[in-house]
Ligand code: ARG
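The data below hold one chain only, encoded as structure tokens and taken in the form predicted alone.
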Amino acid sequence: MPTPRHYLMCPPRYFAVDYSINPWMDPSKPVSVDVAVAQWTELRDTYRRLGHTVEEIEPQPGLPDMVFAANSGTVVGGRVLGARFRAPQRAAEAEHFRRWFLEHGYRDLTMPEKINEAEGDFAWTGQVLLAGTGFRTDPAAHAEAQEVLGVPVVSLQLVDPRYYHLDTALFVLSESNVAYYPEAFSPGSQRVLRRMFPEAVVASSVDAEWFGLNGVSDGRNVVLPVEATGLGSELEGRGFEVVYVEVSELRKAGGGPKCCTLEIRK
């Protein structure tokens, strides 16, 4: 069943690919701010049409990746664990999001000591926090998240640099199930996922490369990049309603629907 969600997003007013901090970013290729804004706006409006609440944080010049709001906080039960970025180009984003949370009444907020890129590497199932590491978030940040948020954490090792964040290789469909791309994970982590989610939707390499695992589910409606049709068909066969959005411009910076979407769980 669909559950109304509360999201925080950041318009890509200053979108650019001026540096490369993941394999998808190529500063030599042109990008269009207008196209990025149009695609982001359609994503935001899609959430609202599905009955979700979307708040917006003001973008800041010089922070082109601020549009990827998911990397800037993890909120479970009203507790907020902020972010600490590995790449110096993104470090300043954390403070802007910290201020937003405080200004909007979120007083139970902790800024991390360890590097963690928030919902980029943390996925809350409703029961456990799946936590990725390997490229961005420190393994020690998993224990810090458990202590701050007060929820059980399961660590997962990422091994393919194309899928540098957990949210590029896995997303939560419901409290009891996920979709993921196995080859993005170490053998041990693959065994963990098979044990935890025996009925998981397993994505192909083709859909993974289109950022199909950067989807967003409300328990029934699943928002996917328009190219991820194989994954979409599989989800429809499981009873989900798939809504496709165009994110081709945002993908030039290594992002998709989930990267743009920070969920606030009160």
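Computed from a predicted structure; not experimentally measured. Sequential numbering from 1, following the sequence displayed.
Another form, the form predicted in complex with the ligand, is not on view; read the next lines as being about it.
Heavy atoms within 4.5 Å of the ligand in the predicted bound form belong, among the stretches 96 to 104, 143 to 151, 67 to 75, 190 to 198, to residues of 67 to 75. Highlighted residues L173, V216 and G219: none comes within 4.5 Å of the ligand in the predicted bound form, counting any heavy atom. With the partner removed from view, the residue among V245, M9, V242, I21 that has a non-hydrogen atom within 4.5 Å of the ligand in the predicted bound form turns out to be I21. Taking the partner from the other structure, the ligand in the predicted bound form has a heavy atom within 4.5 Å of a heavy atom of C259. In the predicted bound form, the ligand lies farther than 4.5 Å from every heavy atom of T137. Using a 4.5 angstroms limit between non-hydrogen atoms, R90 touches the ligand in the predicted bound form. When contacts are judged by a 4.5 Å heavy atom cut-off, Y164 counts as touching the ligand in the predicted bound form. If you take 248 to 264 and check each residue for a heavy atom within 4.5 Å of the ligand in the predicted bound form, you get A253, G254, G255, C259, in sequence order.
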